[in-house]
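Look below for two forms of one protein chain, each set out as structure tokens: first structure 1, then structure 2.
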Structure 1
Amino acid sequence: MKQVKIGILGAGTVGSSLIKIIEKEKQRILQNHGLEIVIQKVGDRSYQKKEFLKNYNSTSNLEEVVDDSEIDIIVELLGGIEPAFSLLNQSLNNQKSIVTANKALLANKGKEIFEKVKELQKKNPKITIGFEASVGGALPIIKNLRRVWSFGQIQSLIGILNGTCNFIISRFEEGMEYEKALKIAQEKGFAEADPSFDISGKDAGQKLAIISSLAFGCWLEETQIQIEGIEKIHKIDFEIANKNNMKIRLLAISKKIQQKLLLRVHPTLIPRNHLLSDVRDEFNALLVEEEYSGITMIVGKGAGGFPTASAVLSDIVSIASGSSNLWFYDFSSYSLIEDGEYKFYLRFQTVDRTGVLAFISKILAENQISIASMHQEEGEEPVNVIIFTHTCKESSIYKAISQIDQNREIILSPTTIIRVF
């Protein structure tokens, strides 16, 4: 039997779930892995208000946990960049392995952390980092990227990486309006009181930065990803998608195209028979195209206290048992594709008079945008004019729409733009 002592930073939703799982499964872990996991100390700013921590050695001094010489692994569940970055940095200085579920930290400071771990491993190869829970909750995305797909050439990652958005989108498909869908998501615990971080696509962007870094061996940050959320799409867009045998999903996309990377998060129209079209509600999924294994997909619940805590615990057991993958890339660099090429769905809300279609078509043509199909939805003003384009550059679309939307006598609200997969 091997005893491993852990220090937990943060006893919120994930931290409390981790403690419950460890207590419930400690005998099974001992039996299956020969490990006795001991919660040596818990650091939480408001630990005195949390009844479940009364039986643990708890403190509001987070540095006290990091500097405890008896602790083997520091588990960071605070969220945010600071003080998490400073605390993990100090943990590494103290020769401790670290486990984190902090996507914001890794999407902004990941390169610094990984380079430090790699340097420390030269003297102490047992020091490592576990971060499975930072992307996709209980989905084994990180493990597969570090092990299963580590020897081939990954061509693309396409994922549904935010359960909040996917839950709301599923309600849209049922004919529900945004406000009601959001309220249900909040009642079920899938959305925060302030959902903007999820709805804006930023959460998915941080996750995409992490997995793209592993897939392509060059550390990427969220600021390098072009991100659009679901704020500007409406129920009618789902109705039109359905008429065209398509669905809308918020996709996180990372592709290698001729030694350049395309990094995007945005709503996307996909065919109804696409693998990702059936991923609904709070579920996440990642579709990977790799040189040898071809196309594979992982699907599961991507958030929540227990799914995330289970991923944290898997890292703890892996590190403590010595089965953790200690491999890291020598980071290289890629150029980014700034101006991607797509087919686009455009929905204009216009007045109902002659000349509208001619006005829109003229500006699209002036910007080298070819129309694949065009029709006007029936109904009272404002009317919806729907255009599907042939493949064109993003910059051309946004330039053309900016010009079109300036005409407030014809265009009654900002135009909806959705890429077509």
Structure 2
Amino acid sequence: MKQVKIGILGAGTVGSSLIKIIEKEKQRILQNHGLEIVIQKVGDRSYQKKEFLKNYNSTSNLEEVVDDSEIDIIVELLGGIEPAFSLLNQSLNNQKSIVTANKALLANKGKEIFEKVKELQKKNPKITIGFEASVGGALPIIKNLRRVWSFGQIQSLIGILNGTCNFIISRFEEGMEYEKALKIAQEKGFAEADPSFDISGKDAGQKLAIISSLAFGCWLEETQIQIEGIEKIHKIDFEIANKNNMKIRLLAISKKIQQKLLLRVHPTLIPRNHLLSDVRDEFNALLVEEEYSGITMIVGKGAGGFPTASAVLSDIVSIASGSSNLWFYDFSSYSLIEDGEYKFYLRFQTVDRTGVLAFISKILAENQISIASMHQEEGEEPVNVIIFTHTCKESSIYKAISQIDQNREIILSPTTIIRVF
């Protein structure tokens, strides 16, 4: 039997679930892995208010945890860049392995952290980093990118990577209002402390930066991803999607196109029979296209305490069992595709007056945007004018829509733009 002592930073939704699983599964972990996991210390700023910590050696001084010489692995579940970055640096300086669920940290400071681990491994190969829980909750994405899809070239990753948005979208599909759907997602522990990180697509963008770095062997950061969230999508868009045999999903996409990378997070209209259209609620999914394995899809719970904690625990067990040596790519660099080409769905909210369609179609034509179909919903103003375009450049769409939306006498609210898969 081997004993491993862990220090936990942050006993919120994920941290408390991790403690519960470790306690409940102690015997099974011992039996299946020959491992005794000891929770040596828990650092949490408001530990005194948390009843479940009363039997643990807890402190509000987080540095005390990373400086505890008894601890082998520091498990960082604080979220955010600081103080997590400094604490993990200090843990590495103290020759400890680290496990983190922190996508914001890795999508912004990943290069520095990984290079430090790589340097330390030269002297002490046991020091490593586990970050399975940073992307897709319970889904084994990182492990598979490092071990399974690591031989041939990866062509694309297409994912649903934010459980909160997917949960809200599922409720929209049932006719629920946004505020109520978000409140439930927060109560269930899916949303970030600041839910605008979920809704704006930022959280999915951070996750896409991490997995694209691994998939394509180049360091990518959050700032390199073009991100749009679900803020401008309304119930009416789901109704129209439904009438057109389509679904709307917030997709995170990275694709290699002729040695360039396309990196995007945006709401997308997908055909109802697409593999991702049945992914609902807080579930996440990733479609990976790789040279030898072809297309593989993994689906599972992408948010919530227990699913995320299960990924954290699997990293702890792997590191303690010595099976998590991190290997590094020769990091290459790719240039990014700044201006992608797509078909678009446009929903204009307009007055119902002679010349409205002529006004819209004239500006679209001036920007080389060809209309595939057009439909006006009858009813009270503002009326919805729906246009599906043929394939055109993103830059042309944004230029045309900003010109169209300037006419406040005709266009009553900002136009909704959704890419069509």
Ligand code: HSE
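For numbering, take structure 1's sequence and count from 1. Between two forms, the rigid core is the largest collection of C-alphas that superpose within 1.5 Å. Computed from a predicted structure; not experimentally measured.
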>> Which number belongs to the form predicted in complex with this ligand, 1 or 2?
In response: 2
> Once you line up the core, how about Glu177: does its CA shift reach 2 Å between structure 1 and structure 2?
Replying inline: yes
